[in-house]
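Quick setup: one chain, the form predicted on its own, written in structure tokens, and binding and motion questions come after.
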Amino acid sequence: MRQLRGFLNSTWVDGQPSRTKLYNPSTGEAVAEVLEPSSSDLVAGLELARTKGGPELRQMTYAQRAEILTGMAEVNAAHAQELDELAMVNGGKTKAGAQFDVGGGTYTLQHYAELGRGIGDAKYRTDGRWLQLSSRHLQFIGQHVWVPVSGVAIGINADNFPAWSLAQKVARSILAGVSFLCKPATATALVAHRMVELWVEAGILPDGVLQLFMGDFSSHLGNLQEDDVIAFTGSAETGGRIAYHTRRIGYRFSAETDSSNAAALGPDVQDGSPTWQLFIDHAVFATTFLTGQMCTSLRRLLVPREKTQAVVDALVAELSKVVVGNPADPSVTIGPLTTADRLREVQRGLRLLRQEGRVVYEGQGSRSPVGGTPSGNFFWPTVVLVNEGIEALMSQHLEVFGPVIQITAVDPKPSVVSEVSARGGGSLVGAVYSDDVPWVTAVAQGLMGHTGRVYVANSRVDRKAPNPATVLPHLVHGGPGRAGGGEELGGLRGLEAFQRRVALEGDEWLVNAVIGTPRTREAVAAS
């Protein structure tokens, strides 16, 4: 059995075995155990990051930091097959799901490397144009500048995307000029641990730039300092506990947590039309891909009441084709849930949803998984429920993190659709499907008040285009309210979580010298 060590203070540390083992969710077989580092190991790692790793990154240009990310992406690409297989064994992902996670992480590293090369040989990014601050002294200017924080960025990740979640956080941190400590979710940490191993073996990271902590981090929050940053992905419950320490100690905290995402179907959309098929495709993807364990999965389909049965029929027809089982079998299209705890959470959530809705479809799931063991696995069937939007108050807010989707019958008036969607309490993504421009406009504007990203689709959107569940590094990922209130990605906006905005004012020559981009007085005036 593999033993997963932490990498702290430039050393693979032999910690104490934790009680938590890593399992193959298809068979229940233990595949690894964690050796949890001591507090002193963590303190030494944080000290190295603050005194050596961080300062070295801050002296680099964006182009130089980009080269580090390029090297990390190349390592991932060279070992993609190995990483995919680990994701299948430890995460229960199908081959397509593993490639989505691992390949998505590699793409995100490449994307931020490209952004860094675009900035070039500058150490700082300016925020907006320079400002003339004196009518008498034209050379006296002001300029806002983004500078790296002097602390350490700690990336705490959920169990569903161990590769991508690590990659998108470490890419932004390193490009921003801040050393990084990775804390993967223990249950599916095999992929993230191996990625860090490969990066360390490749020798592409300056000393102290990257640390890895394995195990429970909650008792170590007191070791953080005011200029450290936590970028958290996970449950609202865990995020709330970390937020408490944020207020007490004062470090920065950004969270992406729960989300009951809604998709609205327009009353104009006819059964079988391109827009209708796109809506059904995306609903099936949300229910089945990664066994419904995506924070951006569509959980609620807001459907005009008279179209409810047609949507049920179309969705069930597609879901009845899926094959649940061990991803090692190439015929399998849906694997197990990641952990026994996740299985219990889905079961508990379904009991609550049944109080306001009726189950109209339940797939094969745990009864006859292909290639799975009779017991000890974490399989669960795909489930479709129907409820009434005005009455189903709890169901609109509750997120069941698994292969479960609700069809909510609503009055299609934009005000009603927006009201029912808002009952989710804040979400990462909302989607609107219609060719009726005024209806789309009204519903989308309603969603924008409580949703981080709004996906608008009509018959002109190709079925091969990215769907609402796909998180692209170009756009901001995050949402208000119960979704955590944080922001990730968004291109260069994603660096702001690890940087501070500073105002510089003075003689134009000196301001530009400090920034590292000296310009002539004529060039400043022309800009």
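These numbers come from a predicted model, not from an experiment. Numbers follow the displayed sequence, beginning with 1.
Absent from the display: the form predicted in complex with a further copy of the same chain. The rest refers to it.
Enquirer: Using a 4.5 Å heavy atom cut-off, which of 454-462, 24-32, 60-68, 47-55 contacts a further copy of the same chain in the model of the complex?
Expert: Of the stretches listed, the one contacting the partner is 454-462.
Enquirer: So a further copy of the same chain isn't shown here. In the model of the complex, which residue out of 206, 371, 142, 274 has a non-hydrogen atom within 4.5 Å of it?
Expert: The residue from 206, 371, 142, 274 that makes the contact is 142.
Enquirer: Which residue, 448, 393, 312, 198, has a heavy atom that falls within 4.5 Å of a further copy of the same chain in the model of the complex?
Expert: It is 448 that has a heavy atom within 4.5 Å of the partner.
Enquirer: Although a further copy of the same chain is absent from this view, report whether residue 217 comes within 4.5 Å of it in the model of the complex, heavy atoms only.
Expert: The answer is no: residue 217 has no heavy atom within 4.5 Å of a further copy of the same chain.
Enquirer: Find out whether any non-hydrogen atom of residue 12 is located within 4.5 angstroms of a further copy of the same chain in the model of the complex, and reply yes or no.
Expert: Contact check for residue 12: no, nothing within 4.5 Å of a further copy of the same chain in the model of the complex.
Enquirer: Answer yes if any heavy atom of residue 444 is within 4.5 Å of a heavy atom of a further copy of the same chain in the model of the complex; otherwise answer no.
Expert: So residue 444 counts as contacting a further copy of the same chain.
Enquirer: Any chance residue 164 has a heavy atom within 4.5 Å of a further copy of the same chain in the model of the complex?
Expert: So residue 164 does not count as contacting a further copy of the same chain.
Enquirer: Should the three residues 20, 229 and 268 be counted as contacting a further copy of the same chain in the model of the complex, with contact defined as a heavy atom within 4.5 Å for each?
Expert: No: no residue has a heavy atom within 4.5 Å of the partner.
Enquirer: Any residue of 93-129 with a heavy atom within 4.5 Å of a further copy of the same chain in the model of the complex counts; write them all down in order.
Expert: Those in contact are 123, 124, 127, 128.
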